[in-house]
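Following this are structure 1 and structure 2, which are two forms of one protein chain, each written alone as structure tokens.
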Structure 1
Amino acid sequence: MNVSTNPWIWFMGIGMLSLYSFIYKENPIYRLFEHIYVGASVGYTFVTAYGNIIDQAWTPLTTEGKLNLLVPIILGLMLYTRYFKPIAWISRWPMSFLMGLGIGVSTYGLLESQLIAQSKAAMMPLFVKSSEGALLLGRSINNIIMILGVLGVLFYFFFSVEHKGPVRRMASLGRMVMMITFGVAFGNVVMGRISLLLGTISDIFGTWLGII
């Protein structure tokens, strides 16, 4: 056992235990460290964002004379007018600009990467053959399952016709595919949470207490 002598490691360990004490029940120590955590996160983000403003806007403006940077700086300052009621309406302008910019920047790429490329990937042969012409059974079965699954889920969300007969059967298949997907997602959530818990255990029992 090799307990750390670094006071910051002790602070980390005590903080982790305090935050995990919420599992037992809420308590003042948990509240204290919750506030410290939120404050430290906001403080760190503020400092890094401030550094960005200096590097990306203020320094090029003042030392290189890049006057076009005045536009984003003024738009940024306009956002803060929302704290002054009589001129709060001014903050809507940069907000509208940001929304327009966000939509403009992402729309083209969104269509290409998340709709067209994914649709293309879903268009696959049902029966896959090797270069010698032999049927590749495994890959063919995979493709058939994939296409039936995609069609089933699409039918499940297709509300223009009543779900009866073959449409109902396809929609049921789609529901089953989604339930399997949710199961896979839940399994990954469990795995992910255990990974994070292992990180904490490693910090507490390894870095701090030196047991591991």
Structure 2
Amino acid sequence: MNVSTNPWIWFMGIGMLSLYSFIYKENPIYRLFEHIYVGASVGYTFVTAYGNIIDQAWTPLTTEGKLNLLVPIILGLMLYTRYFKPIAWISRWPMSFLMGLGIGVSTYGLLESQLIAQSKAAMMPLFVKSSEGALLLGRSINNIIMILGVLGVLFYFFFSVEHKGPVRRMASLGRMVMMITFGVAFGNVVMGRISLLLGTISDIFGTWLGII
């Protein structure tokens, strides 16, 4: 058993145990470390924001002469006018600019990743052949399953035609594919949480207490 002598390691271990004590019930020690965590997060955010202002705005403007940075700097300063009632209306200009820019970027990203890229990924050949012309059975089966799964999910959400006969069977296939997908997603979440727990146990009993 080799207990760590580093005070920061002790602080980390005590903090982890204090936060996990909420599993039993809420207590003053848990609230203390909760406030410490929130305060440290806010402080880190402020320090990071200040560093970004210096590194990405002030230094390039003063030392490299990048005058084009005056535009985002002025827009950023205009946001703070909302704290002064007589000129609070000025903050609407940079806010509108940020909202428009955010909507444009997010819309492009969503269309590119969730519509165009997925549509391209679903457009695959049913039968895959090697350069010598031989049929690659494994990849062909994967492609067939993928295409049938995509079609089944689309049929499940296609309500213009009554779900009966072949349409109903395809819709049932789509529901099964979605259930499998949700199960895999839930399994990944559980695995992630277990990995986080194992990392915490390793820090407490290994890095701090030296038992493992």
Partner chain sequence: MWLERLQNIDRRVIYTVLLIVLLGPMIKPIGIPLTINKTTYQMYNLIESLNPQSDIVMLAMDYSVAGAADVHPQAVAVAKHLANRGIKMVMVAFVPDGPMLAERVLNILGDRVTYGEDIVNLGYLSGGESAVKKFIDEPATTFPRDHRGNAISSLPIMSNIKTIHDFSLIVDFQTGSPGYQDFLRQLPAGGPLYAAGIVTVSVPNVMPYLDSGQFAALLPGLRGGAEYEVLIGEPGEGAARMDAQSLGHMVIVTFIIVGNVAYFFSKRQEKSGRR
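Start at 1 and count along the sequence of structure 1; that gives the residue numbers used here. Being a predicted model, the structure only gives us computed values, none of them experimental. Rigid core here is just the name for the largest C-alpha set that superposes within 1.5 Å across the two forms.
One of the two isolated chains is the form predicted in complex with its partner chain, namely structure 1. Taking the rigid core as fixed, one finds a CA shift for residue 122 smaller than 2 Å between the two structures. With the core held fixed, residue 62 shows a CA shift of 2 Å or greater between the two structures. Taking the rigid core as fixed, one finds a CA shift for residue 37 smaller than 2 Å between the two structures. For residue 155, the Cα deviation between the two structures after core superposition amounts to 2.6 Å.
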